[in-house]
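One chain comes next, on its own, written as C-alpha cells: the form predicted alone.
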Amino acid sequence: MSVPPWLSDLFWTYQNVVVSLGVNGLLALSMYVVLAAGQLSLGQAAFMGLGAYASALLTLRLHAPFWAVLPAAMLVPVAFALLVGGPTLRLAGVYLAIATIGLGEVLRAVYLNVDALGGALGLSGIPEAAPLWLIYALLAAALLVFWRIGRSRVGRAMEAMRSDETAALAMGVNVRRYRLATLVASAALAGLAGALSAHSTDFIGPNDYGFEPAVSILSFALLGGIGSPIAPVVGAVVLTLLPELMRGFAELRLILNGVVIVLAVLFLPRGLVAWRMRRRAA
C-alpha cells in the first residue's frame, strides 16, 4: 500500500523533529537512571558527545559498518565513565553536578582544539545510516528494561538510595556499586543517543555537547518526573515539541528550559507524570 503524498510531505518536513523525539527520549532515560538512584550527575551531554564523535570517526575514517559503530559508541563513554567514576562518585548533590559539567566542558574544549576531531567546524558528511525504526525500537527496548529493573530488587535498592542513602547503607545496599552501575548505564544510553543523532543529521559540532544540552537533558527528567521510566520520556516529548510550536522564540530555548526547571521544582516536584510504578514484593 502506497503512502499518501500529503503524509510523505508531512514526514519529510518534520523528519528532524521525529528523530529528535526518539533521541531525546533516550537522553531522558540516561538522566532518569542516575536521578532514580539519587545522583545529580550532569555528564550526559559529555557522554553523548563521546558516542557521537566515536561513531562519526569510525564511519568517516575507518568506513566501519553502522552495526559495528553503535556498540563502539556505547563502549567509549562507558570506558570514560569507569575512568572518572572513582573520583567523581565520592561527591554528591550539587558538587557532583558541578564536577560532571566540568568534565563535559573539558571534552568540549578538546573537540574545539583538536584538528583530527574537526575543530570548531565539527565533522560533516556523516552518512545518514540510522533508520527511524531503529531509533524507536531502541527507545522501546530501553523503556522495557528500565521498567523491569524498576519493579525488581534493584529498583527497590535505587529508591532506598534516593530516599535516604544512609538508611540504604544500613540495610545492606552496596551504594558505591549502584552509583557506578547507574553512571555506566547513563553513559551507554547517552553514547547510543549521540551515535544515532550523528548518523541522522550528517553533522556534529563541539557546541552540541556543552552546558546548554546538559541543562536540556536535566529539564526532560525534571518536567516529566522520575516515578517511572515513561515520565522523563514524556518530559522530553513536551520540551522537544514546544520550540516547534513556538518557532518565533526558538532562540530562547535555554531560558525556557531554565524556567521549566524552576517551575517544576516549585509546583510539580513529582513531575507531569506523578504516577509511580508498583514494585514487586521482596
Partner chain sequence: MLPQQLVNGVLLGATYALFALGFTLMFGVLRVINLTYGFYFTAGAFVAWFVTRAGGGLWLALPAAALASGVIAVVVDALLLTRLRRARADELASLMVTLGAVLALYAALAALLGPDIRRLPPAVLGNEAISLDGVRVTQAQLLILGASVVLAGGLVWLVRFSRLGLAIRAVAENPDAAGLMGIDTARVAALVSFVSGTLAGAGGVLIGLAFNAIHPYMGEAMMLRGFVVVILGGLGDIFGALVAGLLLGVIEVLTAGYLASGLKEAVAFAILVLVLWTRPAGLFGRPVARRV
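Superpose the two forms; the largest set of C-alphas matching within 1.5 Å is the rigid core. Since this is a predicted model, take the numbers as computed values, not measurements. Residue numbers count along the first chain shown, from 1.
FYI, the form predicted in complex with its partner chain isn't displayed, but the following is about it.
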Contact check for Ala129, Val237 and Leu241 against its partner chain in the predicted bound form, heavy atom at 4.5 Å: no
Listed residue (Ala72, Leu138, Ile101, Val184) with a non-hydrogen atom within 4.5 angstroms of its partner chain in the predicted bound form: Ile101
Proximity of Trp133 to its partner chain in the predicted bound form, heavy atoms at 4.5 Å: no
In the predicted bound form, Ala54 touching its partner chain (heavy atom, 4.5 Å): no
Contact of Leu218 with its partner chain in the predicted bound form (heavy atom, 4.5 Å): yes
Leu62 within 4.5 Å of its partner chain in the predicted bound form, heavy atoms: no
Stretch 82-96 - residues with a heavy atom within 4.5 Å of its partner chain in the predicted bound form: Val84, Pro87, Thr88, Arg90, Leu91, Gly93, Val94, Tyr95
Threshold 2 Å Cα movement between this form and the one not shown for Ala264, core superposed: yes
